[in-house]
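For this one, two forms of the same chain are given in structure tokens, first as structure 1 and then as structure 2.
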Structure 1
Amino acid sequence: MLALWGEAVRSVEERIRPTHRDQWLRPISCVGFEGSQIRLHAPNRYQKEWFEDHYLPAILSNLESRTQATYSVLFEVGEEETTKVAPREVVPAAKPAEISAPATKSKGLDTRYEFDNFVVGKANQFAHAAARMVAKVPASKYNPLFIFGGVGLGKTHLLHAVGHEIHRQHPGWTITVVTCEQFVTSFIGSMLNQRRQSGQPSSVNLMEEFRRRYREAPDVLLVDDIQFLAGKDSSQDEFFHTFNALHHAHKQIVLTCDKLPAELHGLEERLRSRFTWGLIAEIGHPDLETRVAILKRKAELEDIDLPDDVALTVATRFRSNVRELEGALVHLSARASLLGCSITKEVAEEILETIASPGPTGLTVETIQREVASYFEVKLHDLNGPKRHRAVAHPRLIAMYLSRQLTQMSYPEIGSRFGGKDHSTVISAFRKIERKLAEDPELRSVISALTTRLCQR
């Protein structure tokens, strides 16, 4: 039985990154069987949870399909010695993102978005150089740095890279990174709650707290997607004062935007002009050579074996958007591993045919919900209802993610179709899945399988 368990584990092991294998799979050992119950040992509860979430279902299904039996699992968690020894690299009580950069993560910087992972080409070299310069000597010449460009071209990546670099140079500094949407939501929330609480002398002053957080605390303020301020008068006013306070105090500000300041309609002139005080840097569409380089870099990071001719094939097809380029690579590697073949040019062309259908897919949120519900064997009304246990919550996140990816609905519209959920729920679902996709091969296969099913309808 132990041998069967070992084989089932190996079937999963082959499909995941070596670092994940050593950190999350190997430390879990099988300590015995009692009837249909499998006893496992995990060094700590984080590793237990990670294992349960990521690998256990696949291992069990492999085991069950080979023995035609079902099993339950009992975990022991703790320090006791077991038959297998955990590998050296295991860092207890920390999840993967925290292992690489505990301090920066707590500040909301995305650990994937570093200068080292940013491929420089003609279209982004100026923005990249400007970002590097600002990170090296913050708040000297270029304040604010205003990075603008279309969707999925690397604005957020550069913004966070500046944050990481400054954090390395000045570990004691407070680096505040927010999306403009978070700024606006948090501002409105503080304002409304403040009003509600006024008259209660003991209550904390929420607006003061908000202002301390943005006007006083930051040594560096990084705001993503500043275009979100357009048309929001009171938030603009607040941001205007935030900007002034920080700029006056010689604190670096970096903004990203999908337009030039001059094209930002619905923005007060005084803000527009401030956005041009420093340096404006554009990110354009990457040329073929850069797209190939990005793919190769990404494949290297993800431990995907990507031959040159395949990189070229993918880069030729996905021209305008780096996010799509990355998405294609993820699909490709997931599909290839699902089919048990390596990624050759022929395989790639065939797979790309199914995923690269141009433009909107013509899918509705309802179709996606039905497909996801049937895939996970949950009831449609549970998927759209309030239940929070994992069996429905996980499919729900996936359905929300796919709705955003495959339809042109906005976050609020998608939320309303999931039983009237708030747009922030949909946004957080989307981000969660996007984040997990980077490190979870099982999830990649699920998303890829569902996408293929939906797109082939």
Structure 2
Amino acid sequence: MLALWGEAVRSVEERIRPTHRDQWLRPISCVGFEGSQIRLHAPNRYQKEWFEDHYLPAILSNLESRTQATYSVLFEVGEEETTKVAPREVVPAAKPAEISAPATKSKGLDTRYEFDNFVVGKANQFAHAAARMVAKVPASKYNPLFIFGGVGLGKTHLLHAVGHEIHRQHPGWTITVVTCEQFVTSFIGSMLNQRRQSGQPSSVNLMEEFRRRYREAPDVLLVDDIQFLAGKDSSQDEFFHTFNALHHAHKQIVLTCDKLPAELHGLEERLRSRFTWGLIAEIGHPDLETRVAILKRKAELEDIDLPDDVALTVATRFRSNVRELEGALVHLSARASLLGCSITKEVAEEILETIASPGPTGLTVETIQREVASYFEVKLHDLNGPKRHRAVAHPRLIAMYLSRQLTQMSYPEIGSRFGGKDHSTVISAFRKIERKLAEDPELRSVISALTTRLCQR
């Protein structure tokens, strides 16, 4: 039976990324079979939950098709032991004004950014799970944790959330959080001031202080926007030695970046290599359902009364990133407050017209029609023709809705591209899909998938 289990696992391995396979699939081992029960072992509950959600159903399906039997699964979860060196209290030497020491052991952590208020969706699920695992067992297996993704997608949120969680579990640890720009600026300032004071017998060695601050004091180093190092040779050399010192002392390092290490031009190969030593996790663009959830969560935190249909309207208009979404909500709330009115869908649409970003550059109705026809496996000429049966009519409504959402074309212009249909037909299609989106999760998933495909063209 163990051989059959191994074959079922290999059938899944072929379909997943090597990094996901090594981090989430292979650590799960089959302990044995007891009748129809399979006993599995996971190093910790995060790997167990990820395996259950993403791989176990496919593996069981393959196994059951081979044996014509049904199985249940019992998990044994053993927490990973860390090899972390016990943290020590560092008594800093007197520091000059240019290099001020942290006032607390978690100075710089933003109180807004915790795991509890991070909204998890398909695009950030892996990065969230990875950050949770690192926060639970720092400096064990995943060091460094390298989180990458576009602007405003939640990298900084996860970085600070890791710091908060580690600080809760280990209040005596020193957690240093810094942007890469701050690291570089501090390094250059220390180096220049050291040169100015050279030869003065009573002067403090500023470079020694800088290195003590980043190489010795931290138990955890969190660096935001590491791409800022690119092209800065002296700073790269300093960070290389800082990284080595912390890594060799079993100190956790978490980095965020807007690109993969291999895509960072102007960065030394030795640093790119070290950034891949641990775990690399990507944050993608949130889908429609996640954007709605983010808005509702933000509204709850800010005590804003945000109806569901308004949240859906805002989430449909703003697709790029979380920061843009939250900015739209703040703008909407402020304008409604100044106007002395409630935030209704009609008010939202009127206000959002002044701040909503245009659709993707170069996207046309014809492109949308081809994508929708391909998605639903219908003929393009049927989509633009008079046929009314559901297999064609439903995709046509969706294509009209997306044409209005993703292009700057008017209702009459869109109608003309659907076989010369009247503008009232397009308006009716748009409103029908918009109403259904509020109550039909399957339709929201379809719209989200199509929007993602079109925006990535």
Ligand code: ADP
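Keep in mind that what you see is a predicted model, and the values were worked out from it rather than measured. Numbering runs along the sequence of structure 1, starting at 1. In this text, rigid core is short for the largest set of C-alphas that superpose within 1.5 Å between two forms.
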item	value
Either 1 or 2, the form predicted together with the named molecule	1
Core-aligned CA displacement of Y375 at least 2 Å between the two structures	yes
Large Cα move at P386 between the two structures, threshold 2 Å, rigid core	yes
Core-fitted comparison between the two structures - CA shift at L63, Å	75.9
